[in-house]
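Below you'll find only one chain, the form predicted on its own, shown as structure tokens.
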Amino acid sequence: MNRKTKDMILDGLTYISSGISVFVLIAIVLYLIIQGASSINWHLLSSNYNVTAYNAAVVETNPGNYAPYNGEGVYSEQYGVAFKDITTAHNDDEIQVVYIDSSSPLANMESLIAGEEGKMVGLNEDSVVQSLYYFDQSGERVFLSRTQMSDAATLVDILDNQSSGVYSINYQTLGGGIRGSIIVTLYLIVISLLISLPIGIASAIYLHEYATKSKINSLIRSGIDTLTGVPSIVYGLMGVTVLFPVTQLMGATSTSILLGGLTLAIILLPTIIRSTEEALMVVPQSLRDGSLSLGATKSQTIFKVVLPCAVNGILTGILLGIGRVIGESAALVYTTSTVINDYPTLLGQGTSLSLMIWSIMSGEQPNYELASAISLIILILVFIINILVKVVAKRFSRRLV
């Protein structure tokens, strides 16, 4: 076999491998778009995941004149409220409130829930109606279930044409949002980077700029490379046993977001150290020699010459770290818990976006659409961070030029 044939075979294998990789990546992205793009909306990003239920009694039937309404949905002129049919992120068909007049009797009601009797509550936009009791034309109280409502048009027809008043209504918030998980993910990114970046960059500077060739330093490098390949679930167990007492001193009583952030910081250290050290290796030795020959100290040379030249590689390490934090789940099962918390705090439990996908898919009825939507959001988030890192890197490069 001659050289030309070998080159053609090698080129062909390269093209085939590249084509397969691109095809697989495109197929994954297309699947996520087809399955989850329709579920992505402002409600998904801004609302709570858990549902809050209400049962309230109408205080006073107010037949007053309501402001004209020409918006979406089906409008009840008798009660000043508009409804529309929706399909939730969990593929449930619901009747949602899209508008309610402030003087509507359904906007000012008293809670019937035990322990909250007499508390003033009311329908608001995005509320979902489950059932209600109404008075018919003869004054008899009639129960209307969610099945009997059928849809928004049927509900409004009953309210306007068959009822003389509403006695009580059972409704709930829409739920299904990922706002809490987005906040937890941002918490984890900030905590882990604040701890791992200074330690990781300083360690890389020592290993490459100050450390001499010795067995101890070789063992340190070997240890760092070994830690890079340790399964993240092992880090999770380490976090629970070693770092949990640290978070207890800060006021945490159980697993927490802070514990998860500390664990992720340790997970990121090997990646940041290696990427920073490789970036320092790329900087020509002549720049160091030139700076030292002009009278600069070694520390001045490192921080004013070497590090600015290596900033692109350092930012790449930061990007890899952020991607690792966003995609991590195994270590967080033990450190932050699997509880989906809509109001997360540093010392409280919560789930990141990736861990929320695990929670959704591990239930009795996996929700592929919602899991795909969250996966697509993660890809978009990583893409945006990638662009921001590249913009920052270009600005640093322009300053150096």
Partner chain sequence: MQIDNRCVKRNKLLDRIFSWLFLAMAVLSASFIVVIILFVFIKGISPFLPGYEYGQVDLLAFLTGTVYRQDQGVYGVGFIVINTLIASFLALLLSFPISVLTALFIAKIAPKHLATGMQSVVELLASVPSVVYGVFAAGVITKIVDALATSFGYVTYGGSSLLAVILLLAIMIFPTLTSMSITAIRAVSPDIEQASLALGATKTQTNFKVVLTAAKSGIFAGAILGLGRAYGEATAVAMVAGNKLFGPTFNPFDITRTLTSTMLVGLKETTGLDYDIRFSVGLVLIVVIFVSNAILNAVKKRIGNQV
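Keep in mind it's a predicted model, so treat the numbers as computed, not measured. Numbering follows the first chain given and starts at 1. Just so we're on the same page, rigid core means the largest C-alpha set that superposes within 1.5 Å between forms.
The same protein also has a form predicted in complex with the partner chain, omitted here; what follows describes it.
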Worksheet entry | 4.5 Å heavy atom contact with the partner chain in the model of the complex for all of I40, N124 and L347 | no
Discussion item. Just to confirm the contact call: exactly one of 98 to 106, 169 to 177, 292 to 300, 149 to 157 touches the partner chain in the model of the complex at a 4.5 Å heavy atom cutoff, so which is it?
Written reply: 292 to 300
Worksheet item: With the cut-off set at 4.5 Å between non-hydrogen atoms, does W358 touch the partner chain in the model of the complex?
Response: yes
Item to complete: State yes or no: in the model of the complex, is some non-hydrogen atom of V392 no more than 4.5 angstroms from a non-hydrogen atom of the partner chain?
Response: no
Discussion item. Taking the partner chain as it sits in the model of the complex, is T241 near enough to touch it, meaning that at least one heavy atom pair lies within 4.5 angstroms?
Written reply: yes
Item to complete: Would you please decide whether Y69 lies within 4.5 angstroms of the partner chain in the model of the complex, comparing each non-hydrogen atom pair?
Response: no
Worksheet, complete the sentence: Of A53, V59, A27, I34, the only residue with a heavy atom within 4.5 Å of the partner chain in the model of the complex is A27
Worksheet item: Here the chain is shown alone; which of L319, V283, I183, L237 has a heavy atom within 4.5 Å of the partner chain in the model of the complex?
Response: L237
Fill in: Partner contacts for 13 to 30, taking the partner chain in the model of the complex and a 4.5 Å heavy atom cut-off
L13, T14, Y15, S17, S18, I20, S21, V22, V24, L25, A27, I28
Fill in: Threshold 2 Å Cα movement between this form and the one not shown at L32, rigid core reference
yes
Item to complete: Classify the change in Cα distance between I20 and T316 in the model of the complex as closer or farther, relative to the shown form (magnitude of 3 Å or more).
Response: farther
